[in-house]
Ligand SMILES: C[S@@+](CC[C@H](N)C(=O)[O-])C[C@H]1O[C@@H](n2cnc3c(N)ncnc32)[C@H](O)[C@@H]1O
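The chain below stands alone and is given in structure tokens; this is the form predicted on its own.
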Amino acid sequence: MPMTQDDIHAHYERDWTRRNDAARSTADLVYSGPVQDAVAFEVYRTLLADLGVRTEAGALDLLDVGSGSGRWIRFFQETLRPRQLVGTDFSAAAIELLERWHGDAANTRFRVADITAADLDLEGPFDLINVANVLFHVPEPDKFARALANLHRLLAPNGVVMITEFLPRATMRTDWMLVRSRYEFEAAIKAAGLRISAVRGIGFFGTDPMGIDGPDDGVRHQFCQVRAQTRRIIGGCADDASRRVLTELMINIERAALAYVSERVAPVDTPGQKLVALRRR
């Protein structure tokens, strides 16, 4: 049965508590793979540069929405080193986890906050707002519209909202996600006073293939098989040296596939997740 945002909230309260209790290091909290991260982070840095976003240390006031276990917090702390980094999550268990593992940096603070709340108060404005793997977990139309309105309100006049989306031609519903079509998504952001500034693919086989049209047992199933087999092969390596070689091989395959596709089709038609940059209209 498809989950509501409240159902997803309840799941993550339990899951982040369990992960935090069991973790011995940040490595135990990672839910994305090294191939996925290497490719996505590289695309992210390149897109910021192409958009003219200042990324030197201390240049940005940055908001990370749905920080979870800190995947993007780590990237921002190590790569962008913003003037101010505010991490939020609707799960109190996630914030407890983040404060334990990432709360030492002087420029970083965490808050329990729901981007869909009508009374959301995060001060701001922010030069860069990151919203990764969040909005397709908000199936309710009214909450989705409030989330976009809040992003518009929190964004600095020349700022950028970076969102991970799939943007298929037809809206897709799973138990966990409402993956809105590119047409439904664009209409919603337009109503909120935002516009798409750029779209880039951030994975080929390495991300969920919900951006591919068609039935689950078709091309999407083939992509899922490659993704699962890659994880098994890398995870089954007997030694670190072999694991590094295979990881680098898969990173290069992802990069090559994305580069090939980007020369021949529009970015919105690349498989898997896209990085979508939004700006004020």
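What you see is a predicted model; the values in this text were computed from it and never measured. Numbers for residues come from their place in the sequence shown, where the first is 1.
Quick note: we don't show the form predicted together with the ligand, though the next part is all about it.
In short, of 206-214, 114-122, 190-198, 165-173 it is 114-122 that has heavy atoms within 4.5 Å of the ligand in the predicted bound form. Contact check for residue 107: no non-hydrogen atom falls within 4.5 Å of the ligand in the predicted bound form. Contact check for residue 133: a non-hydrogen atom falls within 4.5 Å of the ligand in the predicted bound form. Put simply, residue 91 is close to the ligand in the predicted bound form: some heavy atom of it is within 4.5 Å. At least one heavy atom of residue 71 is located within 4.5 Å of the ligand in the predicted bound form. For the candidate set 152, 146, 137, 81, a heavy atom within 4.5 Å of the ligand in the predicted bound form is found for exactly one residue, namely 137. Of all the residues from 242-264, none has a non-hydrogen atom no more than 4.5 Å from the ligand in the predicted bound form.
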